[in-house]
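In the block that follows, a single chain appears as C-alpha cells, in the form predicted on its own.
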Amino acid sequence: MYLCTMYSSELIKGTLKTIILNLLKEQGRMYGYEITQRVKELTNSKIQITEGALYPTLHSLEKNGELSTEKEYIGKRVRKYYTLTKQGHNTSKERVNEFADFVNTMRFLLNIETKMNNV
C-alpha cells in the first residue's frame, strides 16, 4: 500500500522504481527505512512509502540485477543496505529520462503551461 497525502496511489506506483533508483544513485548506499524517510523528507510528506510497497519493489530490483545488498549487524539487529549495480545505474538514467519525457508530453497533451499562465 502507498500512503500518499497528495497524490493518487496509481501515480506513486508507476514511479516508485524510478524514485528508488534515482535516490540510490544520489545517496549511494541506503537501507529500507532510510529510503522511506528520505522520500518523505524530500517531498515535505507529500509522498510516504509504506513497507508493503517498498520491500517488494526493492526485491524486484534486486532480482533484476539492478541492486546489490549488504547486511550489517547492529547489536542484535541486521540492517540490509541497498546499492545500485552497474545495470542499476543504467536503468536509473533510462527511467529518469523516460519520466522527464513523459512529464513534458503530459504538459503538452494537457496544455498545462497555458492553463497555469492564465490562472
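Since this is a predicted model, take the numbers as computed values, not measurements. One-based numbering along the sequence shown.
Just so it is clear, the following notes concern the form predicted in complex with the DNA, a form of the same protein that is not shown.
With a 4.5 Å cutoff on heavy atoms, T57 counts as touching the DNA in the predicted bound form. Contact check for K13: a non-hydrogen atom falls within 4.5 Å of the DNA in the predicted bound form.
Although the partner is absent here, E51 is a contact residue: one of its heavy atoms lies within 4.5 angstroms of the DNA in the predicted bound form.
Although the partner is absent here, G88 sits far enough away that none of its heavy atoms falls within 4.5 Å of the DNA in the predicted bound form. Contacts of stretch 17-36 with the DNA in the predicted bound form, defined by any heavy atom lying within 4.5 Å, are made by K17, Y31, G32, Y33, listed in sequence order.
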